[in-house]
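Coming up is one lone chain in C-alpha cells, specifically the form predicted on its own.
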C-alpha cells in the first residue's frame, strides 16, 4: 500500500515532545495534589446537605443570612442555587448536623417559605466507602478494557489504551485541584463518561493502524512502523476533531446554561474531552509504536531453534 501523501501532520516525529509534556504535567500534578489537594464535597467527607425550596428567587447572600438567622453556628460551607428562577438552594455543611440542629433548621424554613427542607447526611464511613467504590469502579473498568482490547486487538494496544485513559482521568483531577471545584459524585460520573469516550476514540485510531498494518507487506525498520502510525493518525484526524468539537460544544452549553448544580459535571466533561483527544492523537499511538518496535526487535534478535535433523550425529 502506498502511504505517500503530500500533506500530513508529523505526529510521530514530535513524539518525544509529547512524552515530555505529559511527564512534566504528571509530576507537576502530583506535587499540586500533595500540596493543594482537592475540594472534596460532602459526598466524600462527612457532612450534611440542606435542600431549601422557596417561593421566590434566592441569592447566595440571602441563603447565608437565612441560615445565620436560623440559629448560631449554621454557616454553610457552600451554597448552590438551582431551579429556573433560582428558587432552590443546596447548602452544604462539613460535619454532620444532629437531629436537634436539623429540626431547628427545618422549623425555621417552614416558617419562612412554608416548605420543609430535606436534609441528607453523609457519615465519615459512608464518605470513605464512596471514595473506595469510585476507585474500584475505575480499576474494574480499566481491567475490563485491557481484556477487551487485548482480545480484539493485541495486548500492547490494551496497555497503551489504559495509559492514555489514566492520563485523561489524572488530567481532570489535576485541573480540578487547580480551580478547586467541588469533587462530588457527579464528578465521578463525568470521569467515567470520559473513560468511555477516550477508549472509544483510541480504539478507532488503533483499528485504522491494524488495518494499515495488515496492508503493509513488511516492517523492516522503525521508520516503516512509524509511517503506518503517522498515516493512520492523519486518516482519523478529521474524524477525531469533528467528533470532539461536537461533544465539546454540547458540554460547554451545559456548563454555561445548565445551572450551578451540574457545573462541576459539565466542566469535568469539557476538560476530559480535551485530554482524551490529546491522548488519542499524541500519546496512545506513539506509546504503542515504541513498544511494538521493541517487541519486533526482540523477536528479530531471538535465537532461532535449530532443526532437529541438523543435530543428528553423522554415521
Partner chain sequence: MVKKSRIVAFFVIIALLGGIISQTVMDTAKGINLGLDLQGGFEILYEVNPAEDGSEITEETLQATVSALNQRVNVLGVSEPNISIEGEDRIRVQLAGVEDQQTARELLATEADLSFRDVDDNERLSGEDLEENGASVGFDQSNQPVVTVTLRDGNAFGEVTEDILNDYSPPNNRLVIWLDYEEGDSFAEEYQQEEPKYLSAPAVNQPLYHKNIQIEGNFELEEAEFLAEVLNSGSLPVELEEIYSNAVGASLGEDAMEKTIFAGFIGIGLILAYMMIYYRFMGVVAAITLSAYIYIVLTIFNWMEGVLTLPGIAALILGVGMAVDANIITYERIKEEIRSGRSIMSAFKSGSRRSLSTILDANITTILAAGVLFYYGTSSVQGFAVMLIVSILTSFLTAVYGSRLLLGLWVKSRIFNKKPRVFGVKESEINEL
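As the structure is a computational prediction, the values presented were derived from the model and not from experiment. Numbering follows the first chain given and starts at 1. In this text, the rigid core denotes the largest set of C-alpha atoms whose superposition between the two forms falls within 1.5 Å.
The same protein also exists as the form predicted in complex with the partner chain; that form is not shown, yet it is the one meant from here on.
Undergrad: Taking the partner chain in the predicted bound form as the reference, which of 93, 176, 197, 157 has a non-hydrogen atom within 4.5 Å?
TA: If I apply the 4.5 Å criterion carefully, the residue I get is 197.
Undergrad: Name the residue from 112, 216, 235, 86 that puts a heavy atom within 4.5 Å of the partner chain in the predicted bound form.
TA: So the residue touching the partner chain in the predicted bound form, by this definition, is 235.
Undergrad: Just one stretch in 72-80, 104-112, 216-224, 167-175 has heavy atoms within 4.5 Å of the partner chain in the predicted bound form, so which one is it?
TA: Correct option: 104-112.
Undergrad: Quick one: is residue 269 in contact with the partner chain in the predicted bound form, heavy atoms, 4.5 Å cut-off?
TA: Answer yes; at least one heavy atom of residue 269 falls within 4.5 Å of the partner chain in the predicted bound form.
Undergrad: Is residue 253 one of the residues lying within 4.5 Å of the partner chain in the predicted bound form, judged by heavy atom distances?
TA: Judged by the heavy-atom cut-off of 4.5 Å, residue 253 is in contact with the partner chain in the predicted bound form.
Undergrad: Answer for residue 29 alone: is it within 4.5 Å of the partner chain in the predicted bound form, judged on heavy atom distances?
TA: Answer no; every heavy atom of residue 29 is more than 4.5 Å from the partner chain in the predicted bound form.
Undergrad: Can you check whether residue 181 is within 4.5 Å of the partner chain in the predicted bound form, heavy atom basis?
TA: Contact check for residue 181: no, nothing within 4.5 Å of the partner chain in the predicted bound form.
Undergrad: Within 4.5 Å of the partner chain in the predicted bound form, counting any non-hydrogen atom, which residues from 47-80 show up?
TA: Counting only heavy atoms within 4.5 Å of the partner chain in the predicted bound form, the contacting residues of 47-80 are 51, 53.
Undergrad: Core aligned, does the CA of residue 221 move at least 2 Å between this form and the one not shown?
TA: Shift of 2 Å or more: no.
Undergrad: Honestly, after the rigid core fit, is residue 238 moving at least 2 Å at Cα between this form and the one not shown?
TA: No, because once the rigid core is superposed, the C-alpha of residue 238 moves less than 2 Å between this form and the one not shown.
Undergrad: Does the C-alpha of residue 54 move 2 Å or more between this form and the one not shown once the rigid core is lined up?
TA: Residue 54 C-alpha, core-superposed: shift of 2 Å or more.
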